[in-house]
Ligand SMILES: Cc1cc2nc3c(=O)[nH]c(=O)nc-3n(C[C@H](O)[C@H](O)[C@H](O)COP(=O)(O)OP(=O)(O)OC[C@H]3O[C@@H](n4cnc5c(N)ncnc54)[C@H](O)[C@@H]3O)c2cc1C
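Here we start with a single chain on its own, the form predicted alone, put down as structure tokens.
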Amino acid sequence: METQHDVVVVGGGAAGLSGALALSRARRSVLVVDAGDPRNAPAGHVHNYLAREGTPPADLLAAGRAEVTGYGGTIQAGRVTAAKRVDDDGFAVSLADGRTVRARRLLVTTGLVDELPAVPGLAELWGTDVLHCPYCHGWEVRDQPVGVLGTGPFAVHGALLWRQWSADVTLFVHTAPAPSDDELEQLAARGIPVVREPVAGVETAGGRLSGVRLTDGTVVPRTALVVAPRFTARSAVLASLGLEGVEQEMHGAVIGSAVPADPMGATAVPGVWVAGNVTTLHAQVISAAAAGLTAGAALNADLIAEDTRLAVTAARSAVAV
């Protein structure tokens, strides 16, 4: 059986819940379908979220769900597999359990996948001792032995960046381009050793990172290792509507993929909005939430315009009769 909503939100993270909250407060019929696999699940806390600093990710989502349902929104556990336009009457949204729901508009906030470098042991420590963002985790590993794993052209930049949080930073060149003479001078001036032997894996003690193992067997003691994942948009639902992820570059290097949208989150498909990491790779939790609010407000304005057109048409028909 199909049920009709003003907006179906695909994804129940910070962006999706924020958009759903704005729409529910605008007295819209909102359904959030959440697959329950948030990107930041491995992390212990959310950081740089004003007035929520240090909140566990699960607690933040629980509070957001309560706020959305408190204003009449509905949240369902499930996975959206596809969506399609149904004439001029919105969209049919297919769920993995066989259900179909109808929506006048869609807000897709499915986020991204962090594709880690092919080094054994990284995945098991991801989000705890294997890190990528100093603004998310730098304070937590301040003054500790930090390693930076080079896999691309930003390795030196990363090492210099993390030096702000610790005086004990080592750059493992690994598969990155060899540092130039100027870069070596900068690294030396900041007291950052450079290890040119490739990395073979990581060592652990008690479930925590204890060192970086090189291909020659040497182990360099480290308690945190910085990596640069490839950020790939979770865009399967959008692809079913003809919206594909587009490669994103930084200084000529591909860092991932994202689905294009305008500043309000509107995509090239009328009636479909996006927010959060699926369209903005660098968005942190607080900026993803802000993008969800922006998209929610834009969606409501679009629905108001449609409601007004329908009302005018109905009024004219009544006069004609």
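Heads up: residue numbers just count along the shown sequence, starting at 1. Note that the structure is a prediction, hence the values are computed from the model and not measured.
What follows is about the form predicted in complex with the named molecule, which we do not show.
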Review point. Heavy atoms within 4.5 Å of the named molecule in the model of the complex: which stretch among 76 to 84, 187 to 195, 99 to 107, 150 to 158?
Key: 76 to 84
Check your understanding: Just to confirm, G296 within 4.5 Å of the named molecule in the model of the complex by heavy atoms?
Key -> no
Check your understanding: Should F91 be classed as touching the named molecule in the model of the complex when contacts are defined as heavy atoms within 4.5 Å?
Key -> no
Exercise for review: Using a 4.5 Å heavy atom cut-off, state whether R52 contacts the named molecule in the model of the complex.
Suggested key: no
Point to revise | Partner proximity in the model of the complex: L122 to the named molecule, non-hydrogen atom cutoff 4.5 Å | key: no
Exercise for review: Could you check which residue among V146, V237, V227, V202 gets a heavy atom within 4.5 Å of the named molecule in the model of the complex?
Suggested key: V237
Check your understanding: Which one, A283, L31, A258, V272, lies within 4.5 Å of the named molecule in the model of the complex by heavy atoms?
Key -> A283
Check your understanding: So which bits of 101 to 129 sit within 4.5 Å of the named molecule in the model of the complex, heavy atoms only?
Key -> T109, T110, G111, D114, W126, G127
